[in-house]
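Next up is one chain by itself, shown in structure tokens, the form predicted alone.
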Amino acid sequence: MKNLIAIAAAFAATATLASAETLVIKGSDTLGAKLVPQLAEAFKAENPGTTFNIAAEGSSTGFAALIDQTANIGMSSRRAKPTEISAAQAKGLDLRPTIVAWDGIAIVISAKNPVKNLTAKQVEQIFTGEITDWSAVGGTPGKISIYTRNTASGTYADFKELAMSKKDYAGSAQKMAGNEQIVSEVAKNPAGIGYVGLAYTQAPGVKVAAVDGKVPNQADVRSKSYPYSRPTFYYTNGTPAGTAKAFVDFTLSAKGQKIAEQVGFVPVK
């Protein structure tokens, strides 16, 4: 009888620990400012007792947290850099990516700006500082104000590769902590231009400029015919297990992908 009581007590303690588990997720603002919190709320509704600690401060911080073993999942809007993979391997870790949704980096300008379309070349020239006045691209004369993400951002790196031929940003570019800060600044500045993930394009005061006649939509992002299309990721140390695996699976489930679509991402399938 004593053995049975001991076993029951141990089982109860294990159940309590499991129910009180906190999933730590760090990294990308693109994923972490809107999508992952909504996924977490839906997951908690089906898994009472699970709590989340979500920090969305840029993709680089997600990799750093995985390498330091202070996060279960790293959110990223870019693939891991060779230096990050090497740093993880030096600690015996294996950075394993899972594509969780597709995104298109949208060019946002003030709703008051008469410009509707930019060529991919003009986008490159604006963000590298070669074009500095809106009159050069058919707009109202005036100096262009550039807003970008900061260097910890995966979007900062992706845009540099996808839109700028890996050239440096203009020295005048103003670095913002997140997508919401970019749309906020562009909305207040008729001469402003920036880039954000699809989920952030519906903010008041801004509009999306077409690139070579295309605005990012589900079909063009999925087919990659929109030039600034990209996957977004969860990274884990090896194959995820336990609650981390359950959350990854939930994200990829029909319910999770529906939430991703509603937020503004393009489902994986």
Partner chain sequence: MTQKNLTTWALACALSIGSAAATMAQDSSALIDALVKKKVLSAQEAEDVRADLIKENTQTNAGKIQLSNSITSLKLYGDIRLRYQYDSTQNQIASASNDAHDTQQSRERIRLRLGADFTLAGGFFGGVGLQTAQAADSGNQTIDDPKDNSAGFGNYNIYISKAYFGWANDYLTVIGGKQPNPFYTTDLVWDADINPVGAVEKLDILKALGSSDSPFGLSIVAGQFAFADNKEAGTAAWTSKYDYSTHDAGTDSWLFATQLIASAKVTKNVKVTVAPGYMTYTNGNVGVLNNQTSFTTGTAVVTGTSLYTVTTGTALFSSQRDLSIITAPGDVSFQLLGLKTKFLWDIAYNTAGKQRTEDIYGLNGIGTYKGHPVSTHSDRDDLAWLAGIQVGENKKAGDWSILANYRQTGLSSVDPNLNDSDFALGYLNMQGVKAGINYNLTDYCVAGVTYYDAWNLRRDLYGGQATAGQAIANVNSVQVVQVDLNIKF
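Nothing here was measured: the structure is a model prediction, and the numbers come from that model. Residue numbers count along the first chain shown, from 1.
The form predicted together with its partner chain exists for this protein as well; it is not shown, and the discussion that follows is about that form.
Colleague: Please tell me whether the candidate spot formed by I85, Q89 and D94 is one where all three residues come within 4.5 Å of its partner chain in the predicted complex (heavy atoms).
Modeller: Every residue of the candidate spot has a heavy atom within 4.5 Å of its partner chain in the predicted complex.
Colleague: Which pick from T132, T98, N189, Q174 sits with a heavy atom within 4.5 Å of its partner chain in the predicted complex?
Modeller: None of the other options qualify; the answer is T98.
Colleague: Only one of P227, G205, P231, P240 gets a heavy atom within 4.5 Å of its partner chain in the predicted complex. Which one?
Modeller: By the 4.5 Å criterion, the partner-contacting residue is P231.
Colleague: Heavy atoms within 4.5 Å of its partner chain in the predicted complex: which stretch in 132-140, 190-198, 77-85, 147-155 meets that?
Modeller: That would be 77-85.
Colleague: Is Y169 close enough to its partner chain in the predicted complex to count, meaning some heavy atom within 4.5 Å?
Modeller: No, no contact at 4.5 Å.
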